[in-house]
Structures are given as structure tokens and as C-alpha cells.
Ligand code: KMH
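Only one chain is shown below, in C-alpha cells, and it's the form predicted on its own.
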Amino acid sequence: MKNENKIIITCAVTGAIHTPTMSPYLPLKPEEIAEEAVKAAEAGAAIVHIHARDPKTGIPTSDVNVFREILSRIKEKSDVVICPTTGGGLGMTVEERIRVVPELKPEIASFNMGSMNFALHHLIEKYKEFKFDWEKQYLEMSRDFIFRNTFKDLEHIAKTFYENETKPELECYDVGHIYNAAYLLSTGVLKPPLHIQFVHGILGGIGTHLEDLMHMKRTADRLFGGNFTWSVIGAGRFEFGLCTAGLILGGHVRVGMEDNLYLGKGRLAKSNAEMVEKMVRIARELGREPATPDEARKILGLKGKDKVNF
């Protein structure tokens, strides 16, 4: 279903990139992540993207019990679409990352479209001290880290998604990932219509220039003939600029503390809801209206929150 006036705003609440030292407002405990997600939905997010963290240290975790607690808390208080990650965090195996799909059977989940250098080590120089011992080591390990998503992995992950009626949100960090998706579609591994997310600004992936976004969009248009929905992520200070460009081009957008910690120059966001509110204001100024969760379900063809396992 297409509705060109409606924009799906996704809020990525905590992610696995930023560490506790980087912002005192970054939610870490299950109840904090869930509360941030609910407030983001109240501010206008139709989808919340969820990573889990160890409640004591804030390190990213693949523990399904932590995921279940977070997702259940959100579902209890909101009808927002809940999209857990299968990207996980640095060092997690593919099996650890995708466990949330067969266990929790979400409506939609992220699905990374290729292997890449996923680098965070350049963030170390911004901080003199870290709150937890794991933080510097976690960031440094990315200097010699490959985020693994081989074709064998992609086939296995796709099969797991469809067996559980979970919609894949295809995370494309570069143009080659779009071609990977096209290949998997041609072989029947992926099923139309696709929902693609263009991810800009991760070191190891495509950059944040407007031409980069246009190249991703033109490539997808050529390969899929318009038979797909799409969303934009801009990492760091490029978040709101690239998202604004995306919504002008007719796409959907993602904001939140996974992608960016700042509401404006030198001003840390105190909540994910603040970021959603800013995006809502921009969208409305440009004639786009935020979709409700149920409208997002229709646009993306989701199975409904009554068919999840949490």
C-alpha cells in the first residue's frame, strides 16, 4: 500500500554504536529503553527499532530474555510497530543476532544486506575517560572487524524471517548491498515488495553527501522499478539533513539515539522523543504527515501485533 503523503518515522532508541560515556541520556536498562520507545511513539514514531543492552554495564547483548522484557513492556503500553535488530553488536555471531526472530516472531526486523568494515574506533579520540572498562575495547576492536553477512548467511536469515512471517527491513550501507538484495530477489530468497533502508555515514559504508543518497535511490529505482518502499538513515550530525532530503524525495525516515546523540550543534538530545518531535515538525513544514502505527502496518504489509510472540 502506498500513501505518498504519509511518512513513517522510525525511532532507533539505543543501538549498539554509542556507549554510556557518550551521553548521560542514552537508555541502557530494559525499562529505560522501553519507556523511551513508548515516548517516541507518543511523539509521532510509527516504528521503534530496538537493541538490547546488559542492564548493569550497558554493553550490547543478544540475550532473548532481555529483548522479550523490552518488547513486552513496549507492547503493553503502546500499539507502535516494534522492530528488533538482527544486526546486534560487535562480535556477535549470526545465530546470536537472529535469535530474536524465531523466538519472538516480530512484525518486522532489520536485515543487513552484506558484509562490511563496520568501524567505530575513530570515536575513541573524542573521550579522555570511559565510564566502563568495556567501552574503549569495544570501540577499538572495530579497527579489525568485519560485520559478517555472507550470501550463505543472508539465505539462512531470509528463510528464518519468512518462516516466522517477519518482514525484512533491508539495511543497505552501500550500493553493493542494493545489488545483493536484487540478486536475492531474483533467486526467490527475498520476496516482493521490498522495504529498503539506506544507511549513510558509518565508517566502512557509503557517505553522507546528498549525491550519495541520490545514487542509492536511483540504483534501487533502476533495479526494482519502483516496487519497493524505502527509508533513510543519516549518522551523526547528518541525521536531520539527510532525513529531510529523504522525505522530500518521497521516502520514510529514521531518527534516534542509535544514529545520533545531538538535537542540534553542541546540544545533546535529552530523549528520543525530542528527536522524533523535531522530525515531525520538519515533515509537516514540508507537507508530509506522520503515519500512525496502523497506517505503517498497511503501507509495509505487516502481519499485525497480535501475531507476535511477546
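Note that residue numbering follows the sequence shown and begins at 1. In this text, all values refer to a predicted model and were calculated from it rather than measured experimentally.
Omitted here: the form predicted in complex with this ligand. The next part is about that form.
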Next on the checklist: Exactly one residue in S78, N180, S110, S231 has a non-hydrogen atom within 4.5 Å of this ligand in the model of the complex; which is it?
Outcome noted: S110
Next on the checklist: Contact with this ligand in the model of the complex for G205, defined as at least one heavy atom pair within 4.5 Å: yes or no?
Outcome noted: no
Checklist entry - Would I17 sit within 4.5 Å of this ligand in the model of the complex, counting heavy atoms only? => result yes
Next on the checklist: Is H51 part of the interface with this ligand in the model of the complex - any heavy atom within 4.5 Å?
Outcome noted: yes
Item to check | 4.5 Å heavy atom contact, E135 to this ligand in the model of the complex | outcome: no
Item to check | Interface segment, criterion being heavy atoms within 4.5 Å of this ligand in the model of the complex, picked from 215 to 223, 80 to 88, 187 to 195, 121 to 129 | outcome: 80 to 88
Checklist entry - So which residues in 155 to 184, when you check this ligand in the model of the complex, have a heavy atom no farther than 4.5 Å from it? => result E171, Y173
